[in-house]
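Before any questions on how it binds or moves, here is one chain, the form predicted on its own, in structure tokens.
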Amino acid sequence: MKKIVSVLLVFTMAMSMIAFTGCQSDKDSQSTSGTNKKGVSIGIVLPTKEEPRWVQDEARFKAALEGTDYSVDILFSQGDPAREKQNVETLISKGIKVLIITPHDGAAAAAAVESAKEEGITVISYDRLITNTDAVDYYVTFNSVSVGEAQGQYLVEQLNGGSGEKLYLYAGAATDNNAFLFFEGAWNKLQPKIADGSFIVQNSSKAVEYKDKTTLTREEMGEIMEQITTDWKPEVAKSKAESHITAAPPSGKTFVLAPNDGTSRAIYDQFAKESGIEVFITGQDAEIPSIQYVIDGKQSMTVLKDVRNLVDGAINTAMDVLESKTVETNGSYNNGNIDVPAKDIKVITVTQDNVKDTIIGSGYYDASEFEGL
């Protein structure tokens, strides 16, 4: 009898532990916001937690869905296409109706979204375009060509009639379709001034070779970008800047096309070590450290892509789909397979002259985040 009681006690304890573990597991995997009345409606896959931009997006997605009937799971791929595909499969298993995804590699992500599409899930490519597939329903983005044009135009305006000025070019990752669009936009503005000798490119023989071409093919852009890619990584940007400074030392007014804020700060810090030069350098994303650099007169400009508007665009698109409403778009992008209907969000050039109005006045950041305002 004692043995029977002991067995029953052990069994009861074991079942209690399993139940507790199950509750913990459910807690760990539950949707990150929403009232959960309709299950996990929206799945979101972001590229990495290593960049502040994507952590900010995560918080804004959660805030955008607070008080709605829709819940969301947000997963990070940490720059790994295999993990990205696994994340999509995990979200599919949770019964999502809409997938919002920022691909690490636009081409590699095609297989992942095709799996989602086969399950009848609406796919929204967010900020970066997924390429070479018909499994993308919508693209919510800042007009990436206009971002590059804003960067290029800023550098052109700083020429003030100068000629023979040194220009160093840098680009994002060749695996990111946006990097090509950014460079395309910058080239639109810079090429005439490269062709007429106002700018002399210092760090890309291919850019010099193609200096008379107003429009570059993707292959030609790829050849230039292969020489100047930062892979979106500050440490890569730093290393390349060091090499370029050694090979072609800057002097006087020095112009630098940097693709985003993280790489811009890394590149600027290397050029700032050189004496007797005045650096004009671009960026994008309006990251807090770079806004401080703008205030301090280090980074010359950044392109504000108000992520609040981008998040709202993606969430409103998702909710229109879930509520069977017509999705309004204002553009389209060819991804190599189809023309993807798009929502283009406007961008803003931020400089030391307008930083208070564009960043603080708009409520994008609080003044307490910065010194010297």
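Because the structure is predicted, anything quoted here is derived from the model rather than measured. Numbering starts at 1 and runs along the sequence shown.
Beyond what is shown, the protein has a form predicted in complex with beta-D-glucopyranose (BGC); the following relates to that form.
Contact annotation: beta-D-glucopyranose (BGC) lies within 4.5 Å of heavy atoms from the stretch 172-180 in the predicted complex, the single such stretch among 117-125, 265-273, 172-180, 82-90. In the predicted complex, beta-D-glucopyranose (BGC) lies farther than 4.5 Å from every heavy atom of residue 62.
Using a 4.5 Å cutoff between non-hydrogen atoms, residue 51 counts as a contact of beta-D-glucopyranose (BGC) in the predicted complex. Within this chain, residue 284 lines the site of beta-D-glucopyranose (BGC) in the predicted complex, having a heavy atom no more than 4.5 Å away. Remark: residue 260 counts among the residues lining beta-D-glucopyranose (BGC) in the predicted complex, judged by a heavy atom distance of 4.5 Å or less.
Residue 232 is the only one of 138, 187, 199, 232 with a heavy atom lying within 4.5 Å of beta-D-glucopyranose (BGC) in the predicted complex.
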